[in-house]
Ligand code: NCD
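Before any questions on how it binds or moves, here is one chain, the form predicted alone, in C-alpha coordinates.
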(Lines give C-alpha, C1' and ligand atoms only; values in the text may rest on other atoms or scores of the structure.)
Protein backbone atom coordinates (compact mmCIF):
# COMPACT_ATOMS: atom_id res chain seq x y z
CA UNK A 1 0.00 0.00 0.00
CA UNK A 2 1.43 3.35 -0.99
CA UNK A 3 2.13 5.88 1.72
CA UNK A 4 0.98 9.40 0.96
CA UNK A 5 3.99 11.69 1.17
CA UNK A 6 1.72 14.68 1.75
CA UNK A 7 0.76 13.17 5.13
CA UNK A 8 4.32 12.95 6.45
CA UNK A 9 4.86 14.81 9.72
CA UNK A 10 8.02 16.06 11.38
CA UNK A 11 7.20 13.77 14.31
CA UNK A 12 7.92 10.75 12.08
CA UNK A 13 11.65 11.50 12.02
CA UNK A 14 14.19 11.32 14.78
CA UNK A 15 14.74 14.20 17.13
CA UNK A 16 18.02 16.08 16.88
CA UNK A 17 20.40 18.19 18.91
CA UNK A 18 20.28 21.28 16.72
CA UNK A 19 19.93 24.62 18.47
CA UNK A 20 17.93 27.39 16.83
CA UNK A 21 18.90 30.58 18.64
CA UNK A 22 17.13 33.90 18.17
CA UNK A 23 18.74 36.94 19.79
CA UNK A 24 18.45 40.66 19.03
CA UNK A 25 16.59 39.92 15.83
CA UNK A 26 19.23 37.48 14.56
CA UNK A 27 18.80 33.73 14.06
CA UNK A 28 21.61 31.19 14.39
CA UNK A 29 21.56 27.45 13.72
CA UNK A 30 24.07 25.30 15.55
CA UNK A 31 24.15 21.61 14.59
CA UNK A 32 26.29 18.57 13.99
CA UNK A 33 28.69 18.71 11.07
CA UNK A 34 27.09 17.11 8.04
CA UNK A 35 27.58 14.06 5.85
CA UNK A 36 27.59 14.63 2.09
CA UNK A 37 26.59 11.26 0.68
CA UNK A 38 27.32 12.23 -2.93
CA UNK A 39 30.13 14.53 -4.11
CA UNK A 40 32.52 14.79 -7.06
CA UNK A 41 36.12 15.86 -6.45
CA UNK A 42 37.29 15.14 -10.01
CA UNK A 43 40.86 14.27 -10.97
CA UNK A 44 43.82 14.04 -8.61
CA UNK A 45 45.34 17.40 -9.61
CA UNK A 46 42.01 19.10 -8.81
CA UNK A 47 41.64 17.67 -5.30
CA UNK A 48 43.67 20.54 -3.82
CA UNK A 49 40.87 22.92 -4.91
CA UNK A 50 37.69 20.85 -4.76
CA UNK A 51 38.04 18.88 -1.53
CA UNK A 52 38.35 21.89 0.82
CA UNK A 53 34.96 23.20 -0.31
CA UNK A 54 33.39 20.05 1.13
CA UNK A 55 35.70 19.73 4.13
CA UNK A 56 34.80 23.26 5.20
CA UNK A 57 31.17 22.32 5.78
CA UNK A 58 31.05 18.55 6.19
CA UNK A 59 32.66 15.96 8.43
CA UNK A 60 32.49 13.28 5.75
CA UNK A 61 31.86 12.99 2.02
CA UNK A 62 31.25 10.09 -0.35
CA UNK A 63 33.46 10.89 -3.36
CA UNK A 64 32.14 9.42 -6.59
CA UNK A 65 34.50 7.22 -8.64
CA UNK A 66 33.68 8.54 -12.15
CA UNK A 67 37.00 10.30 -12.57
CA UNK A 68 38.69 10.61 -15.98
CA UNK A 69 40.04 7.10 -15.43
CA UNK A 70 37.20 5.50 -13.44
CA UNK A 71 38.15 3.96 -10.10
CA UNK A 72 37.60 0.31 -10.96
CA UNK A 73 40.61 -1.09 -9.07
CA UNK A 74 40.68 -1.64 -5.31
CA UNK A 75 44.20 -0.24 -4.95
CA UNK A 76 43.35 2.92 -6.91
CA UNK A 77 40.20 3.49 -4.86
CA UNK A 78 42.26 3.40 -1.65
CA UNK A 79 44.89 5.76 -3.08
CA UNK A 80 42.21 8.21 -4.22
CA UNK A 81 40.57 8.11 -0.80
CA UNK A 82 43.86 8.85 0.96
CA UNK A 83 44.63 11.74 -1.38
CA UNK A 84 41.20 13.29 -0.88
CA UNK A 85 41.41 12.96 2.90
CA UNK A 86 44.86 14.57 2.87
CA UNK A 87 43.56 17.71 1.16
CA UNK A 88 40.44 17.80 3.32
CA UNK A 89 42.34 17.48 6.56
CA UNK A 90 44.25 20.66 5.86
CA UNK A 91 40.99 22.35 6.92
CA UNK A 92 39.68 19.80 9.40
CA UNK A 93 41.73 16.94 10.83
CA UNK A 94 38.63 14.78 11.20
CA UNK A 95 37.47 14.98 7.57
CA UNK A 96 36.63 11.53 6.24
CA UNK A 97 36.22 10.38 2.65
CA UNK A 98 34.39 7.28 1.46
CA UNK A 99 35.04 6.18 -2.13
CA UNK A 100 32.86 3.58 -3.89
CA UNK A 101 34.37 1.14 -6.34
CA UNK A 102 33.12 1.68 -9.90
CA UNK A 103 31.14 -1.28 -11.26
CA UNK A 104 31.86 -2.55 -14.77
CA UNK A 105 30.81 -5.52 -16.89
CA UNK A 106 34.11 -7.17 -15.99
CA UNK A 107 33.96 -6.86 -12.21
CA UNK A 108 33.84 -10.21 -10.38
CA UNK A 109 32.62 -11.46 -7.01
CA UNK A 110 36.26 -12.01 -6.03
CA UNK A 111 37.09 -8.36 -6.70
CA UNK A 112 34.15 -7.34 -4.56
CA UNK A 113 35.31 -9.57 -1.71
CA UNK A 114 38.77 -8.02 -1.99
CA UNK A 115 37.23 -4.54 -1.92
CA UNK A 116 35.24 -5.35 1.18
CA UNK A 117 38.32 -6.76 2.92
CA UNK A 118 40.16 -3.50 2.11
CA UNK A 119 37.46 -1.46 3.86
CA UNK A 120 35.43 -0.40 0.81
CA UNK A 121 31.78 -0.45 1.87
CA UNK A 122 30.00 0.78 -1.26
CA UNK A 123 29.98 0.20 -5.01
CA UNK A 124 28.63 2.57 -7.66
CA UNK A 125 26.47 1.50 -10.58
CA UNK A 126 26.59 3.72 -13.66
CA UNK A 127 24.71 2.60 -16.75
CA UNK A 128 27.13 3.09 -19.64
CA UNK A 129 26.73 6.58 -21.12
CA UNK A 130 24.34 7.88 -18.46
CA UNK A 131 26.51 10.70 -17.12
CA UNK A 132 30.02 12.14 -16.93
CA UNK A 133 32.79 9.51 -17.30
CA UNK A 134 30.35 6.62 -17.46
CA UNK A 135 32.00 5.14 -20.55
CA UNK A 136 33.08 2.09 -18.52
CA UNK A 137 29.67 1.67 -16.95
CA UNK A 138 27.47 -1.40 -17.05
CA UNK A 139 25.84 -2.39 -20.34
CA UNK A 140 23.41 -4.99 -18.95
CA UNK A 141 22.25 -5.04 -15.33
CA UNK A 142 21.97 -8.84 -15.35
CA UNK A 143 25.76 -9.10 -15.68
CA UNK A 144 26.03 -7.71 -12.16
CA UNK A 145 23.82 -10.27 -10.44
CA UNK A 146 26.69 -12.47 -9.16
CA UNK A 147 28.41 -9.38 -7.78
CA UNK A 148 25.21 -8.06 -6.20
CA UNK A 149 24.69 -11.42 -4.52
CA UNK A 150 28.11 -11.14 -2.87
CA UNK A 151 27.43 -7.53 -1.90
CA UNK A 152 24.21 -8.60 -0.23
CA UNK A 153 26.06 -11.31 1.71
CA UNK A 154 28.74 -8.81 2.79
CA UNK A 155 26.17 -6.11 3.65
CA UNK A 156 27.74 -3.63 1.24
CA UNK A 157 25.85 -0.68 -0.22
CA UNK A 158 24.88 -0.36 -3.87
CA UNK A 159 24.84 3.27 -4.97
CA UNK A 160 22.86 3.70 -8.19
CA UNK A 161 22.72 6.34 -10.90
CA UNK A 162 19.14 5.63 -11.95
CA UNK A 163 18.88 6.53 -15.62
CA UNK A 164 18.42 4.46 -18.73
CA UNK A 165 20.34 5.47 -21.83
CA UNK A 166 17.85 4.17 -24.39
CA UNK A 167 17.59 6.83 -27.12
CA UNK A 168 13.90 6.05 -27.48
CA UNK A 169 13.17 7.10 -23.89
CA UNK A 170 12.27 10.75 -23.29
CA UNK A 171 15.14 12.48 -21.49
CA UNK A 172 12.84 13.56 -18.65
CA UNK A 173 11.68 9.95 -18.16
CA UNK A 174 15.09 8.28 -17.90
CA UNK A 175 14.97 7.94 -14.11
CA UNK A 176 11.37 6.69 -14.08
CA UNK A 177 12.07 4.04 -16.69
CA UNK A 178 15.25 2.81 -14.98
CA UNK A 179 13.40 2.31 -11.71
CA UNK A 180 10.54 0.38 -13.30
CA UNK A 181 12.72 -1.55 -15.75
CA UNK A 182 15.80 -2.35 -13.65
CA UNK A 183 15.85 -1.20 -10.03
CA UNK A 184 12.61 -2.92 -9.13
CA UNK A 185 14.12 -6.18 -10.43
CA UNK A 186 17.30 -5.72 -8.36
CA UNK A 187 15.30 -4.93 -5.22
CA UNK A 188 13.11 -7.99 -5.69
CA UNK A 189 15.96 -10.36 -6.50
CA UNK A 190 18.20 -9.09 -3.66
CA UNK A 191 15.82 -8.05 -0.88
CA UNK A 192 18.53 -7.65 1.77
CA UNK A 193 20.84 -5.56 -0.39
CA UNK A 194 21.27 -2.00 0.84
CA UNK A 195 20.57 0.37 -2.06
CA UNK A 196 20.85 4.14 -2.40
CA UNK A 197 19.07 5.86 -5.27
CA UNK A 198 21.31 8.84 -5.86
CA UNK A 199 19.96 12.35 -6.55
CA UNK A 200 16.26 11.48 -6.84
CA UNK A 201 14.52 13.75 -9.33
CA UNK A 202 11.04 12.29 -9.88
CA UNK A 203 7.92 11.46 -7.94
CA UNK A 204 8.35 7.86 -9.13
CA UNK A 205 11.74 7.57 -7.41
CA UNK A 206 10.39 9.11 -4.23
CA UNK A 207 7.41 6.76 -4.18
CA UNK A 208 9.64 3.75 -4.88
CA UNK A 209 11.68 4.50 -1.75
CA UNK A 210 8.55 5.17 0.29
CA UNK A 211 7.08 1.81 -0.69
CA UNK A 212 10.33 -0.11 -0.21
CA UNK A 213 11.90 -1.71 2.84
CA UNK A 214 14.34 0.02 5.17
CA UNK A 215 17.15 -1.39 3.00
CA UNK A 216 16.50 1.24 0.32
CA UNK A 217 17.21 4.97 0.71
CA UNK A 218 17.91 8.00 -1.47
CA UNK A 219 19.92 11.21 -1.59
CA UNK A 220 18.47 14.62 -2.41
CA UNK A 221 20.37 17.51 -3.98
CA UNK A 222 19.69 21.22 -3.43
CA UNK A 223 18.96 21.72 -7.13
CA UNK A 224 16.20 19.11 -7.22
CA UNK A 225 14.53 20.81 -4.23
CA UNK A 226 14.94 24.38 -5.45
CA UNK A 227 14.32 24.14 -9.21
CA UNK A 228 12.10 22.56 -11.82
CA UNK A 229 12.63 22.24 -15.55
CA UNK A 230 11.28 25.73 -16.24
CA UNK A 231 14.50 27.02 -14.67
CA UNK A 232 16.52 25.42 -17.46
CA UNK A 233 15.08 27.91 -19.96
CA UNK A 234 14.18 31.11 -18.08
CA UNK A 235 16.04 34.01 -19.69
CA UNK A 236 17.54 31.65 -22.26
CA UNK A 237 19.31 28.33 -21.77
CA UNK A 238 20.81 28.05 -18.28
CA UNK A 239 23.79 25.66 -18.52
CA UNK A 240 24.61 25.85 -14.80
CA UNK A 241 21.20 24.41 -13.95
CA UNK A 242 21.74 21.41 -16.23
CA UNK A 243 22.65 18.17 -14.48
CA UNK A 244 22.13 14.41 -14.54
CA UNK A 245 19.46 13.41 -13.77
CA UNK A 246 17.89 16.49 -15.30
CA UNK A 247 15.77 18.91 -13.28
CA UNK A 248 12.23 17.67 -13.80
CA UNK A 249 8.63 18.94 -13.60
CA UNK A 250 7.14 21.17 -10.91
CA UNK A 251 5.16 18.17 -9.64
CA UNK A 252 8.34 16.12 -9.35
CA UNK A 253 10.06 19.02 -7.55
CA UNK A 254 7.18 19.20 -5.07
CA UNK A 255 7.39 15.48 -4.28
CA UNK A 256 11.18 15.56 -3.87
CA UNK A 257 10.79 18.54 -1.53
CA UNK A 258 8.25 16.70 0.60
CA UNK A 259 10.52 13.67 0.80
CA UNK A 260 12.96 15.57 3.05
CA UNK A 261 10.63 14.80 5.95
CA UNK A 262 11.14 11.05 5.60
CA UNK A 263 14.05 9.35 7.38
CA UNK A 264 15.30 7.38 4.34
CA UNK A 265 16.05 10.50 2.34
CA UNK A 266 19.24 12.37 3.21
CA UNK A 267 21.73 14.93 1.98
CA UNK A 268 23.80 14.29 -1.13
CA UNK A 269 24.87 17.46 -2.91
CA UNK A 270 25.97 15.78 -6.14
CA UNK A 271 28.30 18.77 -6.40
CA UNK A 272 29.76 18.27 -9.87
CA UNK A 273 32.19 21.01 -10.90
CA UNK A 274 33.06 21.61 -14.54
CA UNK A 275 35.16 24.41 -15.97
CA UNK A 276 32.86 27.20 -17.12
CA UNK A 277 33.84 26.77 -20.76
CA UNK A 278 33.02 23.05 -20.57
CA UNK A 279 29.57 24.05 -19.41
CA UNK A 280 29.15 26.70 -22.10
CA UNK A 281 30.60 24.90 -25.11
CA UNK A 282 30.47 21.17 -24.29
CA UNK A 283 27.17 21.16 -22.41
CA UNK A 284 28.56 19.21 -19.43
CA UNK A 285 25.96 18.15 -16.89
CA UNK A 286 26.42 18.98 -13.23
CA UNK A 287 25.68 21.68 -10.64
CA UNK A 288 28.63 23.01 -8.63
CA UNK A 289 27.06 23.30 -5.17
CA UNK A 290 29.80 22.45 -2.66
CA UNK A 291 31.08 26.01 -1.91
CA UNK A 292 27.63 26.96 -0.55
CA UNK A 293 26.04 23.59 0.15
CA UNK A 294 24.72 24.08 3.68
CA UNK A 295 23.59 27.62 2.91
CA UNK A 296 21.63 26.30 -0.10
CA UNK A 297 19.92 23.61 1.96
CA UNK A 298 19.17 26.03 4.82
CA UNK A 299 17.69 28.51 2.34
CA UNK A 300 15.50 25.80 0.80
CA UNK A 301 14.50 24.22 4.12
CA UNK A 302 13.44 27.57 5.55
CA UNK A 303 11.13 28.14 2.58
CA UNK A 304 9.68 24.66 3.16
CA UNK A 305 9.15 25.29 6.89
CA UNK A 306 11.63 22.54 7.71
CA UNK A 307 14.61 24.20 9.43
CA UNK A 308 14.17 22.06 12.53
CA UNK A 309 14.96 18.88 10.57
CA UNK A 310 18.05 20.24 8.79
CA UNK A 311 20.49 18.55 11.17
CA UNK A 312 18.68 15.23 10.96
CA UNK A 313 18.65 15.39 7.15
CA UNK A 314 22.25 16.57 6.79
CA UNK A 315 24.12 14.85 9.63
CA UNK A 316 22.15 11.94 11.11
CA UNK A 317 20.31 9.92 8.48
CA UNK A 318 23.18 9.38 6.04
CA UNK A 319 25.65 8.05 8.62
CA UNK A 320 22.87 5.93 10.10
CA UNK A 321 22.22 4.23 6.75
CA UNK A 322 25.95 3.72 6.18
CA UNK A 323 26.26 2.25 9.67
CA UNK A 324 28.40 4.68 11.63
CA UNK A 325 27.91 7.40 14.20
CA UNK A 326 27.37 11.05 13.21
CA UNK A 327 30.16 13.55 13.72
CA UNK A 328 30.61 15.19 17.10
CA UNK A 329 31.90 18.37 15.44
CA UNK A 330 29.52 21.30 15.23
CA UNK A 331 28.83 23.86 12.53
CA UNK A 332 27.00 27.16 12.67
CA UNK A 333 24.81 29.03 10.21
CA UNK A 334 23.61 32.59 10.68
CA UNK A 335 20.60 34.09 8.99
CA UNK A 336 22.23 36.79 6.90
CA UNK A 337 21.83 37.64 3.25
CA UNK A 338 24.74 37.07 0.89
CA UNK A 339 25.39 36.80 -2.84
CA UNK A 340 26.76 33.59 -4.36
CA UNK A 341 30.09 34.24 -6.05
CA UNK A 342 30.44 34.42 -9.83
CA UNK A 343 33.38 32.00 -10.01
CA UNK A 344 35.41 29.60 -7.89
CA UNK A 345 38.65 27.82 -8.72
CA UNK A 346 38.55 24.06 -9.32
CA UNK A 347 42.07 23.82 -10.70
CA UNK A 348 45.24 25.83 -11.11
CA UNK A 349 43.92 27.30 -14.36
CA UNK A 350 40.25 26.33 -14.26
CA UNK A 351 37.34 28.37 -12.94
CA UNK A 352 33.82 27.04 -12.37
CA UNK A 353 30.55 28.89 -11.86
CA UNK A 354 28.74 27.88 -8.65
CA UNK A 355 25.10 26.85 -8.73
CA UNK A 356 22.79 29.92 -8.59
CA UNK A 357 25.74 32.25 -9.07
CA UNK A 358 24.73 35.86 -8.44
CA UNK A 359 21.61 34.92 -6.49
CA UNK A 360 20.89 35.92 -2.90
CA UNK A 361 20.96 33.34 -0.10
CA UNK A 362 19.39 33.93 3.30
CA UNK A 363 21.99 31.97 5.28
CA UNK A 364 25.72 32.24 5.87
CA UNK A 365 28.03 29.47 7.02
CA UNK A 366 30.05 30.71 10.00
CA UNK A 367 32.27 28.13 11.60
CA UNK A 368 33.00 24.57 12.65
CA UNK A 369 34.14 23.55 16.12
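Model, not experiment: these values are computed from the prediction. Residue numbers count along the first chain shown, from 1.
Omitted from view is the form predicted in complex with N-carbamoyl-L-aspartate, to which the following refers.
Colleague: Which one of 206, 84, 112, 272 is close to N-carbamoyl-L-aspartate in the model of the complex, taking close to mean a heavy atom within 4.5 Å?
Modeller: Selected residue: 272.
Colleague: What is the one choice in 148, 243, 267, 97 with a heavy atom within 4.5 Å of N-carbamoyl-L-aspartate in the model of the complex?
Modeller: Filtering the options by heavy-atom distance leaves 243.
Colleague: At 4.5 Å between heavy atoms, only one of the stretches 259-267, 172-180, 127-135, 73-81 reaches N-carbamoyl-L-aspartate in the model of the complex; which one is it?
Modeller: Among the candidates, contact is made by 127-135.
Colleague: If we define contact as a non-hydrogen atom of the residue within 4.5 angstroms of the partner, is residue 161 a contact of N-carbamoyl-L-aspartate in the model of the complex?
Modeller: Yes.
Colleague: With heavy atoms only and a cut-off of 4.5 Å, decide whether residue 285 touches N-carbamoyl-L-aspartate in the model of the complex.
Modeller: Taking the distances in the model of the complex, the answer for residue 285 is yes, it comes within 4.5 Å of N-carbamoyl-L-aspartate.
Colleague: Would residue 66 show up as a contact with N-carbamoyl-L-aspartate in the model of the complex if we use heavy atoms at 4.5 Å?
Modeller: It does: once N-carbamoyl-L-aspartate is placed as it appears in the model of the complex, residue 66 has a heavy atom within 4.5 Å of it.
Colleague: Counting only non-hydrogen atoms and a 4.5 angstroms cut-off, does residue 42 reach N-carbamoyl-L-aspartate in the model of the complex?
Modeller: Taking the distances in the model of the complex, the answer for residue 42 is yes, it comes within 4.5 Å of N-carbamoyl-L-aspartate.
Colleague: Residue by residue through 199-217, tell me which have a non-hydrogen atom within 4.5 angstroms of N-carbamoyl-L-aspartate in the model of the complex.
Modeller: Stretch hits: a single one, 199.
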